[in-house]
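Two forms of a single protein chain come next, each set out by itself as structure tokens; they are called structure 1 and structure 2.
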Structure 1
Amino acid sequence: MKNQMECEERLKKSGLKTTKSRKAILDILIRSNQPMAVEQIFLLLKENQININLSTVYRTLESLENKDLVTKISLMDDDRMLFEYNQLGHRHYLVCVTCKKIITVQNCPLGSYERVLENETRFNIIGHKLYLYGYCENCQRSNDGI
């Protein structure tokens, strides 16, 4: 219930209409512990008996991204775009280059480094993204330590 209330509130503040499909897509992304591909979102909508076209999911995600309600992520060597609920903060990720598993890094390791860079370069840093690529534990085991 909290997710639904949060979805409606964020949609209203953004100026977008509160539609069933927008609320459902935001709810899926809020519940997800990692970014999701459009196709994954579409399949979950279908499982939840939400009748929606794939093209509508794409358009809805685009409008939600334009209003900063969701964040679009593009990963190295992956043509898919991934989306996540914008929690008004930022996240960092470990990405397996073999199986494409994504693990969220819980703490931001760059806060103090940003301040050092700002002092050294006189550059006003307003944000950052960090994706670390490698091999997850399962892929390491299955490929003899890579």
Structure 2
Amino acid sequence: MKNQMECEERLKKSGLKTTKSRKAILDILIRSNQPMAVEQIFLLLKENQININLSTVYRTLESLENKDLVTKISLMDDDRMLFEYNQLGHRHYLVCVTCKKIITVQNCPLGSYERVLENETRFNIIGHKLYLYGYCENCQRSNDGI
């Protein structure tokens, strides 16, 4: 399948050894197409009969992050770290505060704003995190009922 190729290729390019753990974890993140909690990844591995120690999952994700294959993010009201496959370009998240559903937002209104800020602050701005939150369509309906 296509994923397999993408996994191994990107691992090889990164200089990391291509191990069972790394292939499996990267594959899961590519497939998920969503930020995932470490525990979630760990359990999904187990379901697929792939037994990898939880601390190895953490270490693997750390390696992958160092090589920019995945990105670590933290959302509000959730003290766990989430990881997602590092798509080209960048994305933002719209999170439902009720059911925690995450919607990915592709376009970003901040490019020109960063340039303005750089002039004002003399910072060299290299990136940003933007999380929007609110109530998704479903949860709006449920709340009406209360």
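Given the structure is predicted, the values throughout are model-derived calculations rather than measurements. Throughout, rigid core stands for the largest set of C-alpha atoms superposing within 1.5 Å between the two forms. All residue numbers here follow the sequence of structure 1, with the first residue given the number 1.
**Student:** Any idea which of the pair is the form predicted on its own?
**Tutor:** It is structure 1; that copy is the form predicted on its own.
**Student:** Checking Phe123 here: with the core superposed, does its CA move 2 Å or more between the two structures?
**Tutor:** Phe123 C-alpha, core-superposed: shift of 2 Å or more.
**Student:** State yes or no: after fitting on the rigid core, is the Cα displacement of Asp27 between the two structures at least 2 Å?
**Tutor:** The answer is no, as the C-alpha of Asp27 shifts between the two structures by less than 2 Å after core alignment.
**Student:** Answer yes if the CA of Leu110 moves 2 Å or more between the two structures after aligning the rigid core, and no otherwise.
**Tutor:** Yes, shifts by 2 Å or more.
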